[in-house]
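Structure 1 and structure 2 below are the same protein chain in two forms, each given by itself as structure tokens.
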Structure 1
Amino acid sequence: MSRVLSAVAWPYANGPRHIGHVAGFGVPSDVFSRYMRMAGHDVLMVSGTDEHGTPILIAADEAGLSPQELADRNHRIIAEDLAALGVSYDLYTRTTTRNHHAVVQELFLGVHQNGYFVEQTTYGAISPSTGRTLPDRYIEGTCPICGYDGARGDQCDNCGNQLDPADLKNPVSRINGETPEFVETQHFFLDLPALADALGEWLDEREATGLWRPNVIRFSQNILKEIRPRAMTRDIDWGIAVPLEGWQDNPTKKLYVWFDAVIGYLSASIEWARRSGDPEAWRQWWNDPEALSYYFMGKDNITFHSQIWPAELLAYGGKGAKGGEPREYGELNLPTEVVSSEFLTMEGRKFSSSKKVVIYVRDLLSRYQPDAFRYFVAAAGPENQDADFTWSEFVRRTNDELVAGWGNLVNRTANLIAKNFGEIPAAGPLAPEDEAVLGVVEAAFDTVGGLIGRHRQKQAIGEAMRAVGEVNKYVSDSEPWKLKGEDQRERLATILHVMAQCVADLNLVLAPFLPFSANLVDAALGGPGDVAPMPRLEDVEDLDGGAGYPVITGDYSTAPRWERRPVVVGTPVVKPTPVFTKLDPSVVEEELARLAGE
């Protein structure tokens, strides 16, 4: 048994999240975490809402809200969505807590004290009216190369050339139309070159495990070759103050949002520990070199998790070329594995909120079972390459695989037992075919568990469903419905007992993927319906006197072990109601019409 940190990407608070987001980090991280708990590991699963940065300011302006109001609103929406999806965070918090601000400042001071920040002057655009950094992509103008009018500051969409915003003709801010001002400004740069050797050693060691997905490790090693110092502060009035004399009180100098967002993994662990009553408990996941940490995200976030975040950790620990000593947090563990997924597309197109190529988590969950979506993501999600979500495929996966395969097995099992015995019967002597099917099902614990542990969830759920098929075949071959005579009653009891055991086993194997239905299936076989503990949304006070906020938390210690639990003979079983809802094929057209804008 090990300590396992499940570090889940922090959703950005500029709006509600769509199903592509949760397909990338939400479902995979929850499947993994639920399995690891059942396998006996001590899992700490943390995340939260990422609430700083320029896009929040822009979204707030558009909505006529303050940035904090916008963040409050979206944090609540996102947390509700994730809880509704059943993602079992030990703590899902946010970056505007006082705890997070303090932890980020401590990290900054450690990195600074060890000499891994260098002050540099840069030349960049600001908005004259607000003094805020105007990121390149928010500037547009005429391309100096091809003359195209709608060129962005970083790149011309017409000729494809990379640009420097200062070279654009007639540059204007896309935010408010004003002409940007190009100014000299002072920033702290993270001295990544001084950390490059340490990062390279870490990546080589990680590569040697053979566990990282090839594209993630290759990409990470590649960006190391051209590593340069990177600015970790911004001219902006929304974010975490730079905790140094002369900077602390400067209202328009803040830490870069990515510097603070990745620290959320640590600050959320600390917040969790403080709320648990043992404020030092987080150290078991962060200071013990034996502890494991898995980071879940979409592929656009790899840089920040395989370079920036480990660089911050190394710098804080004094592990780079400049040496140094850690401060109060001690030596912090680097990621064991960066588990990055690819992207989900939508009916063949990229998700885009502005172009309305989008399905929000909330909308999907308002009309369909969370487990139907979770099944789709596990079975057909963007694990190793981009995957396409289509409504017809969603309906097919739900009806032909989930309902027809697993749902039907549960239903026919409970029905036969209810009809013939009203309770789980005792088995007589087992025939070879009984032994065989029980063996196949029990073996699924090892194969499926091993695959989930190696982040092969598609194959894992495929193996689980294959075992479901084996049991359906066993039922068809055994034909228990034909055993009507009194002399056949013991054989009938044996078959139904074996079926009940198989369903109970497979239900545990599927529980990480389908937690809501796992509880329903457990109840259908007369159990208490608690095999998959659920997260809860809870309003809490800020620990340090700030405003209260909702979090996701839960007690998952009751999750059963990842092994066969013998069914209890005599457990009452009544005629079941179907666990899964079969979808009418017409939903495909309805949803496509909805996408097209009614």
Structure 2
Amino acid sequence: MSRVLSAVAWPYANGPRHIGHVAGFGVPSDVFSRYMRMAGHDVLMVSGTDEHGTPILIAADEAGLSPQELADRNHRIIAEDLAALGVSYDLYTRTTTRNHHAVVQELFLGVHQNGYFVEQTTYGAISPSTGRTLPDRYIEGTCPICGYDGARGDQCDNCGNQLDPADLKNPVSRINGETPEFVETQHFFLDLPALADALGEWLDEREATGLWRPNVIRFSQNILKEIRPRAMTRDIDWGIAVPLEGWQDNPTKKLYVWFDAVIGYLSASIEWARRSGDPEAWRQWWNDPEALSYYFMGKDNITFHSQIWPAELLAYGGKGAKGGEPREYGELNLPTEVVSSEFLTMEGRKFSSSKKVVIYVRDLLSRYQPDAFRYFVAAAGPENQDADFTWSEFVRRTNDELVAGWGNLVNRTANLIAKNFGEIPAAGPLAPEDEAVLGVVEAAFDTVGGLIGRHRQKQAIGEAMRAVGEVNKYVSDSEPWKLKGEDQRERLATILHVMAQCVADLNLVLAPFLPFSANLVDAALGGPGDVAPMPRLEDVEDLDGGAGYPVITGDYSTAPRWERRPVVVGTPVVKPTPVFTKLDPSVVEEELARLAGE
């Protein structure tokens, strides 16, 4: 058994999340976490809503709300949606808690104490019409390095280099198109060059494992070539105060939202430990060098997880060129793997809330089963290349694969058992074909589990559905519905027992992908319907006296082990209801019309 930290990207609080977001971080992280628990590992899955930064101020102004009111509203919406999708967080929290502020300030002080923050005068972008600081990502222009038109003020997505807004040629504000003014301002910069050698050694060590996705490791190594200090404070009045004399009382100087957001993985772990009754429990995942940690996000966030966050951890631990010693949190583990997904598009276009090219998680779940979407993401999502969500493909995969494949096998099995015996029958002597199909299904535990553990979920669910196909073929070849005579009853019982065992096995194999239907399938075979523990939304009090807020949490200790569990002879089975809802082809036209605003 290993301790496994499942660190999931923090959704931003400027609005509800759409399906492209959760395809990159939500579903893949949950499949992995559920499998690892079933495989016997001690998993801590944490995340929360990222609530600081200038975009929140802009969105709050547009909504006529204060930043805190907007964050409160959207945090609840996002948490409700993720819980409804079945994402099994041990703790999903937020960055406006007092616990998070304290942890972020401790990290800042440790990095500063070790000499990895340097104070510099730089140029900040100001909106001429409002006088408000413009966030780096809200400024676009031509990249001075590769010439790409459309580079952001913090990074060029074409060449991957980090930028400053003042570096851009022909910079404009994405908010209103005006040319920003640049004024002198003082900021703390993270001394990335002093950490470059340590970062390089860590990335080389990660590459040597052969486990990282090639695009992620290559991108991470490439951005080291142009490494330079990066500002970690901002001219803004919404965020976490800089905990230094002369800075902390300045209402217009706050820590950079990305400095504080990645620290959320640690602060959420600490909050979870404090709520568990053992305030030091988080150390088992963060201070034990044998513990493993996996970070899930979309590819646009690789820089922050393979450079900025590891640099903060190294600096806090005094592992860069300037040396130093860790403070109270001790030496903190660097990521075992950064698991980055590519982008999901929709009907061939980029998701865009402003252009109405979007479907929000809440809207999709109000009309379709969560497992239908989870299946689509696992089977056709952006695991290692960009993928396109189309309504025609969503309907096809739901009907042809989930309903006609897995759902049909479950329904036939339960229906035949209920009709002929009313309970799971005992098996007689097994024929070679019985042994063969049982062997195929049992082998799926190792095959599928190994692939999930290596973040090959598309291949994993393909192998699981291949095994479903083998069992369906066994049923068709065996034709149990034709065995009607008394002299054929033992053979009928044997076939139905084998079918029940195969369905029970495959249900566990598919449970990480399809947790809602896993419980329904378990119930269809007479079980309690609890093989996939589900998350719950709870309203809690702030541990340090702030306002209360909703969190996602759950008890997942009852998840079954990742292995065959023999079905229990005599378990009552009644006539089933379909596990999956078949979609009418008209869904495609209806959804395309909705997308077009008709």
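In this text, rigid core is short for the largest set of C-alphas that superpose within 1.5 Å between two forms. FYI, numbering is relative to structure 1, first residue = 1. Everything quoted here is computed from the prediction, not taken from an experiment.
**Q** Choose between structure 1 and structure 2: indicate the form predicted on its own.
**A** It is the second structure that is the form predicted on its own.
**Q** Rigid parts turn against each other between structures 1 and 2 - so which of Glu325, His497, Arg396, Val183 is at the hinge?
**A** The hinge between the moving rigid parts is marked by Val183.
**Q** Can you give the rotation, in whole degrees, of the smaller rigid part against the larger between structures 1 and 2?
**A** Spelled out, the smaller domain pivots 42 degrees relative to the larger domain.
**Q** Please report, in Å, how much the Cα atom of Ile175 moves between structures 1 and 2 when the rigid core is superposed.
**A** Ile175 is displaced by 5.0 Å at its C-alpha.
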